[in-house]
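Single chain ahead, written as structure tokens, the form predicted on its own.
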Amino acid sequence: MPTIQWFPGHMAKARREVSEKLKFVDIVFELIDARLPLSSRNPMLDQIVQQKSRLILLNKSDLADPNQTNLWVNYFREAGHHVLALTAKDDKSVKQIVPASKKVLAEKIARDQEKGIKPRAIRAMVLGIPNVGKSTLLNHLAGKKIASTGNRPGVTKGQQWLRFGTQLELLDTPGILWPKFEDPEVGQRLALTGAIKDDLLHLDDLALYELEVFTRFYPEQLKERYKLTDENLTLELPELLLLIAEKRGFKDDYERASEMLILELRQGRLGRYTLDRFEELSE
């Protein structure tokens, strides 16, 4: 897969605006995809955020491999980060954000109290790459649709302040990708989950990558979904894709089978999975 370079003008503008507005917030919520704990992190974010307090939110944890999620949560904590695994559509998950934020900001809150400063709502900025669930999180916090959502990148186009009760004010921002992906596999992982527009790469390459991951780490889920045998999984990946196409009545329509595989993965029909494997971190 060739190196993907993708930095639309609205993303460059968003990056500048984020840098300018950091002074107005108390904390940054870094929203990442629990299925891609490293690949969905923007490496430019450390430079942009600098020393601002930060809470990492591992979103879509209901779609991720729970064992892997636990390993990644511990990884971030050991690295000195505050982290919370959640599902943006789940009340119980979302309600943990304010208490977690207060824990991150405990020293600042204590200093304000000593100075006699009246308590106010926590002001936060939500940052993350496209399609990690920012709009879904904002809508769920508000209990109504206040931000556009969609299973495609680039839905949120501008910045807006959103108030949630008396305890939290959020500055929403568009998703910001980085100029290029040095590791082609990072691009594949992002594309497979929908963070990169499909027309930037070949769907059959993505489908083969999906089969590679599932035959290696989640063979039982693959067998159950497509009625495969252990012997089927020993086939070369292109042959396995053609077999799945035949089983679905697509004959030898390679492209249609590829589209189906990717769509069903994104719809959660293959079960929970994590593409960034913790055990490969030190490899």
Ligand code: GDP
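In this text, residue numbers run from 1 along the sequence as written. Here the structure is a predicted model, which means the values were calculated and not measured.
Keep in mind that the form predicted together with the named molecule is missing from the display, and what follows is about it.
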Inset, instruction - Could you work out which of Ile196, Ile129, Ala207, Met125 is the residue within 4.5 angstroms of the named molecule in the predicted bound form, going by heavy atoms? - result: Ile129
Inset, instruction - Tell me the stretch among 108-116, 131-139, 72-80, 209-217 that has any heavy atom within 4.5 angstroms of the named molecule in the predicted bound form. - result: 131-139
Legend entry - Contact test in the predicted bound form: Leu63 vs the named molecule, heavy atoms, 4.5 Å: yes
Inset, instruction - Decide whether Asn59 counts as a contact residue for the named molecule in the predicted bound form under a heavy atom distance cut-off of 4.5 Å. - result: yes
Inset, instruction - Using the partner position in the predicted bound form, report whether Lys103 sits within 4.5 Å of the named molecule, counting heavy atoms only. - result: no
Inset, instruction - May I ask you to check whether Lys89 falls inside a 4.5 Å heavy atom distance of the named molecule in the predicted bound form? - result: yes
